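Next up is one chain by itself, shown in structure tokens, the form predicted on its own.
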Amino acid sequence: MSSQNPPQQSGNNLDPWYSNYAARTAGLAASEVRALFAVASRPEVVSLAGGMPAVSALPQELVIESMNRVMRDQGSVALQYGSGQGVPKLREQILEVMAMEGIKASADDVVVTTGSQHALELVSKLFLDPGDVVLAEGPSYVTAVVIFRSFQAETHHVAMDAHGMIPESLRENIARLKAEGRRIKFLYTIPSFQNPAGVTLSWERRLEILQIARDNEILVLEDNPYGLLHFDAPPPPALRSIEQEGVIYLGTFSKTLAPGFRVGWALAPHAIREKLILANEAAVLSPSSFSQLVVSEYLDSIDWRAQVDRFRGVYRERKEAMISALSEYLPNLSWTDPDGGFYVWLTLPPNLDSKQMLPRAVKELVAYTPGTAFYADGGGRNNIRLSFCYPTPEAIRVGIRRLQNVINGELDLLETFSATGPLQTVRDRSFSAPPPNLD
């Protein structure tokens, strides 16, 4: 570094380079989820916050054997740079994974990325200019909202109910934004076991939403981390199985194998695929050859479908433990009852603020994610995302009991200091914010 003193900027006292940052970094703020990880890692805290997979359900010997075979047979390749598009054999195997959701494709159109979130960031980099609009479910995946904001785009939320995104709400949003002269770059959706609401877009609505996107020439970005993790019947076929040219599909092995490998992918129309490869190379040169080869070896030598089924059983048991505990300890509240995935979306009385309540929850040794994390417009204040994927059933029950103490304590305080009298729990069935219970 030059021996000259850094320029005197009007930044803050902690960062003398504050005024040198690009304007887009203003959107890089720590999310509630990220801020919770330090707290949730304390052993005495029951974390119902982060969506960490139950990697303990993956037999370690299976992964160790795959690693050993890779290093023994392909060590010189595994430790070297690779292709910016990804290992060809793995891309062929990814087609087998996507076929389980009805997708037929060519390995040439698959781009391997460092997790599907990296693919989401690459797509955003390719398409978003300052002032652009992304349409997304309300609520939506917290880090997607952060990524869109980091590229100086605005997220406009489309209302949901128990059957997923509401087509009429999508039409209304598109019409309003077009009338305002705004540019809609794409529709971002998690159609199966949505994060954070846990709901699944029905087959009829998948068809209708794709038609709306075609009619308005809007690209669809389908994020599908949880689609294979159904508890009973699988979800409807992926959007990409219906529409090829208008859909970019994002997938990952983080939920069906392990997140530590950081292997995901994008399946894109041909022209977009070429730009994704260039963006991938510009960002990371190439995704990890070692991780790709280990995942490929695992898929080649292990009954991975049986392992996915084992994960389903683990998550089903934990979801049932959470629903049972909610029914016992918080029977007057409403929540979603997902058919797969990782999450339950809880609705508090409208007088409560889940973000303000969080410090009290941590003091009571339970952590959750406030609903505000999943909205770009400040919504979700009386909502909580509860994650059942990581804690054991016993820990989930303890966590919900502690959460009951927190909620009742907040209600008692409000009743004591409010002149309006006792607060009544409201069961809201409209879902402009949370969906109703799924029976």
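All values reported here derive from a predicted model rather than from experimental measurement. Numbers for residues come from their place in the sequence shown, where the first is 1.
Beyond what is shown, the protein has a form predicted together with another copy of the chain; the following relates to that form.
Taking non-hydrogen atoms only, K319 never approaches another copy of the chain to within 4.5 angstroms in the model of the complex. Using a 4.5 Å cutoff between non-hydrogen atoms, P237 does not count as a contact of another copy of the chain in the model of the complex. Another copy of the chain in the model of the complex comes within 4.5 Å of a heavy atom belonging to S254. For the chain shown alone, D309 is not a contact residue for another copy of the chain in the model of the complex, no non-hydrogen atom being within 4.5 angstroms. For another copy of the chain in the model of the complex, the listed stretch (160-168, 327-335, 141-149, 194-202) containing residues with heavy atoms inside 4.5 Å is 141-149. Interface residue among T155, N351, S288, S241 relative to another copy of the chain in the model of the complex, by the heavy atom within 4.5 Å criterion: S288. Screening E274, D215, E96, E172 for any heavy atom within 4.5 Å of another copy of the chain in the model of the complex leaves a single hit, E274. Looking at another copy of the chain in the model of the complex, residues V45, R360 and R397 place no heavy atom within 4.5 Å of it. Residues of 49-75 placing a heavy atom within 4.5 Å of another copy of the chain in the model of the complex, in sequence order: G51, M52, P53, V55, L58, Q60, V63, I64, M67, N68, M71, G75.
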